[in-house]
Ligand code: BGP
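Here's a solo chain for you in structure tokens, the form predicted on its own.
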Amino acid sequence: MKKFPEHFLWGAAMSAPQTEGQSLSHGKSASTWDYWFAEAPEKFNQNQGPADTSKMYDTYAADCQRMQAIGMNSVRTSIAWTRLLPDGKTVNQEAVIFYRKYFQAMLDHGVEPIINLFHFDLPMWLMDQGGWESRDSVAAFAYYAETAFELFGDLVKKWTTFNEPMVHVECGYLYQYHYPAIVDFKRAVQVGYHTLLAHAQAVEAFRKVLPKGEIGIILNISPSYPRSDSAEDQLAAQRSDLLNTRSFLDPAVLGNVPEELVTLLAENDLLPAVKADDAALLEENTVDFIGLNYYQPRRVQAPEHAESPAKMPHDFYAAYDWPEKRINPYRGWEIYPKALYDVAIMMKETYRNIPWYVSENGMGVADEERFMNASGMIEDDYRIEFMQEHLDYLHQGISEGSNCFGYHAWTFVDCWSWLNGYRNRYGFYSMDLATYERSVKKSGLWFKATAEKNGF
């Protein structure tokens, strides 16, 4: 029996834009996703847009019962900025009533809410003013954060500022998977920098409003593994980690941007515009805990044809196709559970052994109806195996002293996933797209048994 620490958090992660529905009603204004879907629905899988989410705005009471039914003692979801402050200034009272009832329902069912403030859903009114490229976005986010802390701080004790901030940087300003679908490395760096400052100002506001609470940030971590021991491949891996991991993790935990990253950006004319007091803001507003989302490793090698100065990240490191990899064919992602042990040891040895938890880990699979048994349950043994393998390595890291306090799977119920719509399913509960009815999968029953035994 592999037991986990006492009071370990067993749960799932979600987000407001992927689950709530009612995307342009009950006082909510448009996010970039609402706008983009209206402008270019053909970009979205089967024309599935933000209105086609899990409808938890209407079903949250029953869904909180379902959380309890599969042993969840915690959940992480987000508040929609566009619902709480539709114009950035005026509180939407309907949203306050909804979120207070939602969070209270979690608590009533023994589920601790961990509430995140931003999950890729930028208000369109702010995008029209320049979005994260504008320095004004920093103060706008801090005001939104402070408002949320004041309105819900009596119910919520654990908060996070951003989910995977590197994703809206990359996908919006390098790879065209998020609006505004720009390809510009320098603008991407500026977006990332303003996001980092917004995070720090939100932490600063949190300390004033909720001095007894805990605040963190959720980062996606894909450890970089070099092709070989050659100096060139090792340098590629170091640069990959600098850009993708340390750019947010170092400031959040250690209070500073890595000097090596500043040098690398300076050498390639990629430095963002900064102000004199920015460094102090970062230094004085580090986090209480970290959430780390892990799905796949990053295999890298030295680029063969790098431009100088760099025009894209692949000028610093190139992808390496490891011949021994295991692949989830539906996502095209490598399955490498050992990386979770490597992450655990990294947090222990490099980041002050700060409290952290696995804030997302999961396996997306298409056409899961193929695995439905005679009684109508999806027997997703592949998902159980995936989670158990990762938990095995996580347990090893914890047993060696890493300060991990929880494991959250992505996700509670099958949800809408940006341009991919419902192509791949991740939930402990399946959802009928015609009726929105939920039914538990085999993995949900396995999770219940695991949580109740606090191990496996």
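All residue numbers are counted from 1 along the displayed sequence. Just so it is clear, the model here is predicted, and its values are computed rather than measured.
As for the form predicted together with the named molecule, it is not shown, yet the points below apply to it.
Asker: If contact means any heavy atom within 4.5 Å, which of 290-298, 311-319, 191-199, 228-236 contacts the named molecule in the predicted bound form?
Answerer: Flagged stretch: 290-298.
Asker: Using a 4.5 Å heavy atom cut-off, which residue among 68, 59, 420, 403 comes into contact with the named molecule in the predicted bound form?
Answerer: None of the other options qualify; the answer is 420.
Asker: With the named molecule left out of view, choose which of 135, 348, 186, 331 has a non-hydrogen atom within 4.5 angstroms of it in the predicted bound form.
Answerer: Answer to the contact question: 331.
Asker: Does the 4.5 Å heavy atom contact test between residue 158 and the named molecule in the predicted bound form come out positive?
Answerer: No, no contact at 4.5 Å.
Asker: Check whether residue 410 has any heavy atom within 4.5 Å of a heavy atom of the named molecule in the predicted bound form, and answer yes or no.
Answerer: The answer is yes: residue 410 has a heavy atom within 4.5 Å of the named molecule.
Asker: Closest heavy atom of residue 336 to the named molecule in the predicted bound form, within 4.5 Å or not?
Answerer: Contact check for residue 336: no, nothing within 4.5 Å of the named molecule in the predicted bound form.
Asker: With a cut-off of 4.5 Å between heavy atoms, is residue 18 one of the residues that contacts the named molecule in the predicted bound form?
Answerer: Taking the distances in the predicted bound form, the answer for residue 18 is yes, it comes within 4.5 Å of the named molecule.
Asker: Note that the named molecule is not shown here; using its position in the predicted bound form, name the residues of 104-128 with a heavy atom within 4.5 Å of it, in sequence order.
Answerer: The stretch 104-128, when checked against the named molecule in the predicted bound form, contributes 119, 120 at the 4.5 Å heavy-atom cut-off.
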